[in-house]
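Consider the single chain below, provided in C-alpha cells and representing the form predicted on its own.
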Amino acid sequence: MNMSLKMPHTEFKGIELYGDLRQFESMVRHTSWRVGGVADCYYRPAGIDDLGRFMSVLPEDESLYWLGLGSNLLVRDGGIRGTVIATSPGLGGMDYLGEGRLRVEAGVASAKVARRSVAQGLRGAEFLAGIPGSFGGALAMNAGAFGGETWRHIAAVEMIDRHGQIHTYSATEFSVGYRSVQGPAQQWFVAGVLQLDKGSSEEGRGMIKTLLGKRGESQPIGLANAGSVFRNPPGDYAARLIETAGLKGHCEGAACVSDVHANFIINTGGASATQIETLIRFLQAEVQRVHGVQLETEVHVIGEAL
C-alpha cells in the first residue's frame, strides 16, 4: 500500500485502490502527439504495490497497454479496447543504493534520471537528458541518444506479471539490441537499477547542458511530436533518407515532417492519428521507392482505426 495516500480513492472488484481509475478516457491529453481515441479503462496507480493489487483482479485475457509520458506512441483514433496503465507519476521512486547503483521506477522522466545521477556524483546516464519519455519506456526499448544506450548501464530490473507479482532479474537474463529488449513474456518493467561510475557532478551537469543544447538545435522542441518516428537502418540515418527523398516538410493534413529534423513528425494543430499514420506509411513507401530501404517504425502504433 502507498502510505503517502491516507484513504483509497475507489473500490474495484472488491479491492481498495489508491490510484486514479477512469473509464472511457480520451488519450489526446496523455500522448505527446496530442492525438488518439478513447481507452475503455485507464488506471494511474499510486505505487507499485497499488499496481499489483489492481492487476491481481484483472481478467487473464485483458489487453494491457503501458503508458509513460506519452512519447514514442501513436494511439489510433478508434481508441483502445482494453486497459491503459499510466506509470507516471505514481511509479516515481528514485533511490541511491550505494556503490554507484541508482534504483529508478518506471514512471520517472528520463531527463530527471540524468539530473539525479549527476547530483549524486554518478556519471554515465547524462544521455538520458535527451530522451523525452519515461524510464520505463527507456527500459522497454533500450532507448538511446547522443551515443548512449539505456541497457549498457542496467544491472537489474523489476517486472510485474499479470497477477501483480513482482520479479527481479539480472540484466544478463535479457537479449538486448538496437532499440529492442527481449525478456520474460507477459511481464512489464516497473523499475530498474543503473550501475554508474563515480565522477564529477560539475562535469556531468556541463555535459547535460551541452547535450540539451544540441537537442534544441537539431530537434523540433516545443512542438507536438513523439520523438524519432523510425529506427535508423544499419549504417545510415532515417532522417537522411527522408530528407534526400525530398520529403522534409511534406504534410498529410496537419501532420508534417519537421523542417528541423526529418525523422520527426509534428502535429501542427488539429492533426488526427489517421493523418499521422498515413504520413508514416507514405514516408516508408517513398524511401523504399527512392532508396530501396524499408524504414521500420520506432514509434509504437496501438489501438483501433476509425
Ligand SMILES: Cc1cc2nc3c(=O)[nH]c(=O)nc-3n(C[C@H](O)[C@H](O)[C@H](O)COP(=O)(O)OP(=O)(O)OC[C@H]3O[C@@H](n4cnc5c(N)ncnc54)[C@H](O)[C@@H]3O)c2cc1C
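Remember, it's a predicted structure, so these values are computed and weren't measured experimentally. From 1 onward, residues are counted along the sequence shown.
The same protein also exists as the form predicted together with the ligand; that form is not shown, yet it is the one meant from here on.
Comparing 93-101, 76-84, 226-234, 165-173 against the ligand in the predicted complex, the single stretch with non-hydrogen atoms within 4.5 angstroms of it is 226-234. Although the partner is absent here, G192 sits far enough away that none of its heavy atoms falls within 4.5 Å of the ligand in the predicted complex. Within 4.5 Å of any heavy atom of the ligand in the predicted complex lies no heavy atom of G204.
By the criterion of a heavy atom within 4.5 Å, Q120 is excluded from the residues contacting the ligand in the predicted complex. By the criterion of a heavy atom within 4.5 Å, R179 is counted among the residues contacting the ligand in the predicted complex. Highlighted residues E11, G19 and M55: none comes within 4.5 Å of the ligand in the predicted complex, counting any heavy atom.
Although the ligand is not shown here, in the predicted complex the stretch 62-94 places heavy atoms of W66, L67, G68, L69, G70, S71, N72, L73, T87 within 4.5 Å of it, in sequence order.
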